[in-house]
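Shown next as structure tokens: one chain only, the form predicted alone.
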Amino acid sequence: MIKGNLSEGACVSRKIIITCAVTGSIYTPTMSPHLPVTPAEIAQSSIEAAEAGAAIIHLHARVPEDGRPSADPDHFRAFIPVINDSCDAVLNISTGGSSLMSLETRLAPARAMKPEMCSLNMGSMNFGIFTLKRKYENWQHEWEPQLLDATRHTMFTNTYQDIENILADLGDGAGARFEFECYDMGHIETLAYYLRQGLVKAPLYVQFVLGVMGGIGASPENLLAMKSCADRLLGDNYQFSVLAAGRHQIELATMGVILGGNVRVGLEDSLTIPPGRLATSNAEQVKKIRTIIEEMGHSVATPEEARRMLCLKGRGAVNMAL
């Protein structure tokens, strides 16, 4: 399994997987008019991102009426078949949902769909988005500042038992592979523990997540440290991708490509695009990083190439009856 070292990433033409996370549960409708919240908007934005070059679409749902985060399977059912019928991208269903949701609530969509991929946060953590509140005054919905404030006194919970249950339920039981989201060094250590125990198997797809308050900060030094830690603990058993929150998205994704990795962009992670203006769509961010990838001499992986690279079970094994 080739994880990609510095010389490989810099000198050898590679296939780069682009993941696009189209809506998430962090940003709110007041923060950008371009954030997709209705099923039609999420579907269209996902399809456009796939057409722009995203091989994997990372999906959350929203309550259509007011845009609040949702893990109701019915809200996923309103857009999943539309996306699946319109493109062949890998559909990656979040098990993260929101820090305010219970584990059972967060897992319900993935349990219903049995997708090719799911995200899996590798530990419990403070997940502070309350600092975003000071940037806005006139809110479209009452729930928006309330959700941000709630992250001062709540935490995102994924205990060891939670992680093991997810691995058994969605992985062993339903054949999903995982986007292992590592927000700090300890999360890589936890993933390495499960690799040694045989509860996870190569090829691991590790998402280095930088810039979320409560996790590791978004800086080149921290990205280098995370890769060094993963190289030491995971050896040749992993490939990685880089997710940097906010204004650091494109610059650290670019660094990730140089280091031999893949990338994740999308309005879940950043509402802007250089030089600091609001991105008008998810596809705009995908096109931006695709241009950078191709100017480096690499090419973007198709969905089928991504499936082979990550040993996914294939579209035919996904429950589209929901």
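Quick note: we count residues from 1 along the sequence shown, nothing fancier. What you see is a predicted model, and the numbers here were worked out from it, not measured in a lab.
There is also a form predicted in complex with a small molecule; it is not shown, and the following applies to it.
The stretch among 72-80, 188-196, 221-229, 175-183 whose residues place heavy atoms within 4.5 Å of the small molecule in the predicted complex is 175-183. Within 4.5 Å of the small molecule in the predicted complex, a heavy atom is found for none of N262, R290 and A306. Of the residues L147, V209, V200, L107, just one reaches the small molecule in the predicted complex with a heavy atom at 4.5 Å or closer; this is V209. Put simply, of P115, G96, G215, G123 only one has a heavy atom within 4.5 Å of the small molecule in the predicted complex, and it is G96. Proximity of H60 to the small molecule in the predicted complex falls within the 4.5 Å heavy atom cutoff.
Looking at F127, you'd find a heavy atom of it within 4.5 angstroms of the small molecule in the predicted complex. Although the partner is absent here, S119 is a contact residue: one of its heavy atoms lies within 4.5 angstroms of the small molecule in the predicted complex. Contact between V286 and the small molecule in the predicted complex is not found at the 4.5 Å heavy atom cutoff.
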